[in-house]
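Two forms of a single protein chain come next, each set out by itself as structure tokens; they are called structure 1 and structure 2.
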Structure 1
Amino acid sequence: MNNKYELSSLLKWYSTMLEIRHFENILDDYNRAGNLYGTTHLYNGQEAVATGICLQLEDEDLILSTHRNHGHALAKGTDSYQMFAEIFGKKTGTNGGKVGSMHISDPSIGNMGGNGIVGGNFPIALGLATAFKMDHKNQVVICFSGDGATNEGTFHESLNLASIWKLPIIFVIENNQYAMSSDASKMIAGNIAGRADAYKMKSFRVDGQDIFEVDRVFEEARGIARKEPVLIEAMTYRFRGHSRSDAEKYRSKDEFLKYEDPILKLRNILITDYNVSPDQLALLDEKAYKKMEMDAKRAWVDEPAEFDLNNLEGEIYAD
């Protein structure tokens, strides 16, 4: 079923998903030990979406993310050591240790950043895609968001303009079933993919726990997006709480167990269809963990960020 794929590509998927999972788990350990200011929003369970999409992109393609942005950033190629340093508030962070977990960016590889405002990146995606169109470039803008953001006015306004102007945007809505503790099935009229119909926009609904499906759908969407915008609703599930303070009383263990772990799903396919041994996969797992553990330890002892209180405008805005 999956043998159209080269083994090397699948192992790259597997390693990327493991690195995202370990990054989040190690970060959570630091957070729960009281070593971080603020909170973090972990991407556990959704790794197949970021990996299946971002590994098809070129550096010149742009992504925009959300408060839950670590997985997108890592899959797009943002350096994990610099990401740890950013979240730890160190000078060596991606943004000098000044923006923290929710606003990590690295424009040099097309990561235009997360955004702490729900729905805040939809209008920014319009601007970036308009620039691509005016410059006659072949690149696309990928605007990730969660299900809760699709009830914001910016979502509808941006889909409308993107469709009218035929902008090269792919709106990727990761429906992880909850907006904080609000059940998406009780908060969203109809379904998210169907909302694209009102704006005469092509849409897809995909199993976000299956990286093969994500890869296939995104490849088709990217071909369309060079001429007009597309919406993808990825059905996925957040394995961790909304943030550290979330006691998760709104969902049951039985509900949790209904959703397949995308990493274990790919692992089973690698063993069954590609004859990769469990020992080989265990080595990849250990390699990914060691890299993330070492990056975190290295970042933790770096010098803290410094702020020039006499130049607050310069500390906030880029040149």
Structure 2
Amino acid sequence: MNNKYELSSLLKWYSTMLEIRHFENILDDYNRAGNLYGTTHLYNGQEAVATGICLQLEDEDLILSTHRNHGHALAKGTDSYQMFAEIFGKKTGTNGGKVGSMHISDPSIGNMGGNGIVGGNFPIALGLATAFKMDHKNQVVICFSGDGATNEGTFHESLNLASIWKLPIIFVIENNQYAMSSDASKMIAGNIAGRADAYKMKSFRVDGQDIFEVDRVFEEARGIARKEPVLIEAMTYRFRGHSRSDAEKYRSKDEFLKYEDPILKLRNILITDYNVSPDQLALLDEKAYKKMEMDAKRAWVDEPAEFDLNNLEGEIYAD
């Protein structure tokens, strides 16, 4: 059933998802050891969405993310050592260590950054895409957000504008069932994919735990986005708390059992349909872990971020 795929691409998916998972788990270890300043929002459970999408992109295609941006950043090719350094507040971070977990960016590979303001990225996506259009570029803008963000006014303003101007944007809404403690089924009138209909925008609803589905739907969406905007609602689940300070009183501890783990799902397919040995997969797992662990260790001992207080204008304004 999945034989249109080369094994090598599937293994690339697998490794990328594992790298994301381990990146987040290692961050959590540092947090539990009392070593993190500031906040973090982990992506565990949603790896198939970022991976299935970003691995189809070229460096020139742009992504915009949210507070929960580590998975998107890694899948787009942002350097994991520099990401750790950013989150640890080190000079060597992607953003000089100055802005932390919610704002990781690397424009050189098309990662236009996370965003701490829910709904803050939709209008920016319009602008990026407008520039593409003015320059007759074939690239697309991927604007990731959560379900909760679709209740901000900016979402509705942006869908309307993207639609009437036929902008090359793919809005990817990761419906992980919660916005902090808010249950999406109680907070959202209708469904998110349906909201696109109101703006005459094509939309898809996809099982975000199934990377094959994410990949297939995104490929189709990408075709459409060369002519007009499109929205993908990826149904997924946030395995961890909202942020590092979430006691998770609003959901039961075993609710996650209702959702597949996207990594285990791919693993099973690799073993049954592709004859990959569990040992080979264990090795990939170990490799991904080692890489992330080494990157974190290396970043941890780097110099703290700096800021020239005597040259504030220079730090804050472009020349």
Partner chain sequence: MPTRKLTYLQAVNESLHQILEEVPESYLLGEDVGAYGGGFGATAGLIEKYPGRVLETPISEAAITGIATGSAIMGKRPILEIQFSDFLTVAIDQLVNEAAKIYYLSNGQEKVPMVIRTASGSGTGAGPQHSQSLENWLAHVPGLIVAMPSNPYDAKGILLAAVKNNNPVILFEPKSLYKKPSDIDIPEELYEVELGKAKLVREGSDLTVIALGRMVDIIKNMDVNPSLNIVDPVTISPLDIQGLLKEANKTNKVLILTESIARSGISAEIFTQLYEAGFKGTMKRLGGKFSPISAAKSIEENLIPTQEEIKQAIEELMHEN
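A quick note: this is a predicted structure, and the numbers were derived from the prediction, not measured. We call the rigid core whatever largest set of C-alpha positions still superposes within 1.5 Å between the two forms. Residue numbering: sequential along structure 1, first residue numbered 1.
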| item | value |
| --- | --- |
| Of structures 1 and 2, the form predicted on its own | 1 |
| Core-superposed C-alpha of residue 9 shifting 2 Å or more between structure 1 and structure 2 | no |
| Cα displacement of residue 311 between structure 1 and structure 2, core-superposed (Å) | 3.1 |
